[in-house]
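Quick heads-up: it's one chain on its own, the form predicted alone, in structure tokens.
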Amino acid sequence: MEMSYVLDTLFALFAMTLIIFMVPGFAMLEAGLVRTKNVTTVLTTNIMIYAVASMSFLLVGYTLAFGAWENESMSIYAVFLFQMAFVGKTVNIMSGGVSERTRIVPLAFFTVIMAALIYPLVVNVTWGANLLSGTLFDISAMHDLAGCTVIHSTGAWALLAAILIIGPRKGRYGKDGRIRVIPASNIPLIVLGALLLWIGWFGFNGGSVGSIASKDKADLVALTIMNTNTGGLAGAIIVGIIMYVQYKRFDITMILNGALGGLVSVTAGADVFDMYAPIYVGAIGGAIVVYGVTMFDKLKLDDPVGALSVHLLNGIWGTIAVALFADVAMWDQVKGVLVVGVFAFSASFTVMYIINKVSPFRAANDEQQQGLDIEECGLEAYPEFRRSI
């Protein structure tokens, strides 16, 4: 018993460390995708999200989600740290999608509410104490290993609410309906960020198995990590094929987003899929990213990092895919998607609407023109470069 306690504690701490690598992953990915005049603001936002969200979860969120600080299979402190590693990702998903026009202070206010109340309530009714137990809206039967719906969709529903409130970047959509292409500023940073996220996903999904202290559990952890990797591979490959067939070019930013879409799509069921199902699930996830980005642009929902396609559409697809490729009831999956979606969107929209009245999220047009780094941080990431407008 003592040895399994030690092994599982070490496993949770190692998985938590891998997940924390996703903090610089999001930071580098977003810093590479935005213009140089907004890079410092994006980096500062990511660090503040990690700090503010983690502290809010420590003080309020964990207890709301799980009810009590107790665990017999491993150290409760390791359990907390593992769960804490997840919480900031919900806001990271949102912050990247509203970058280049959003101020830091109101986003920090929203981070507190998301980490202390909104996300913990979603965890409560899925993985935690379950205040909806026995009611019509009980969704605890949904199989969501590491958060296709609980984390990715929750963050992306918040992003959708934020985009509707904040609006697009200045000049993104012309009056004649034309879409202005705003190219990424640093491709190497995008590659680094995406690969850090990919590596972090092994702790994200593998650690969610919860134990590695027996032969069966060790095999399940290994299968889960292999399936996670396979989903990312399939997503990248299918997007590379689509890009070349359609444009005779390989778009590395889209290929990497395809990989991330594949990783999201296997997050709910990596522990119950056989070794081949993630090929289909991840490939469909990658394709969803390609056509999702185009769809959201046509709807004039400005998302610089493609988070709606990667996290919302694939969060939904990945949750439903569990019922298609494993012995899980479809209604349980669909019901979970619907309940979490309605709550996460409505709660996020309400909170952001109120915050926006007190401290507006959107930076002024002249601040966007100049770049948020000067106004928000007083420090440019690339002061020797000529900043494009």
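What you see is a predicted model; the values in this text were computed from it and never measured. One-based numbering along the sequence shown.
The same protein has a further form, the form predicted in complex with a further copy of the same chain, not shown here; the description that follows concerns it.
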Point to revise | Stretch in contact in the predicted bound form with a further copy of the same chain, which is absent here, among 218-226, 131-139, 168-176, 301-309 (heavy atoms within 4.5 Å) | key: 218-226
**Study point:** Any non-hydrogen atom of D251 within 4.5 angstroms of a further copy of the same chain in the predicted bound form
**Key:** yes
Review point. With the cut-off set at 4.5 Å between non-hydrogen atoms, does A234 touch a further copy of the same chain in the predicted bound form?
Key: yes
Check your understanding: With a 4.5 Å heavy atom cut-off, would you call Y244 a contact of a further copy of the same chain in the predicted bound form?
Key -> yes
Point to revise | Partner contact for T9 in the predicted bound form: a further copy of the same chain, 4.5 angstroms, heavy atom | key: yes
Point to revise | Contact residue in the predicted bound form, chosen from Q83, S185, N124, S208 - any heavy atom within 4.5 Å of a further copy of the same chain | key: S185
Exercise for review: Let me know the one among A363, V39, M352, A344 whose heavy atoms come within 4.5 Å of a further copy of the same chain in the predicted bound form, would you?
Suggested key: V39
Review point. Which residues in 8-24 have a heavy atom within 4.5 Å of a further copy of the same chain in the predicted bound form?
Key: T9, L10, F11, L13, F14, M16, T17, L18, I20, F21, V23, P24
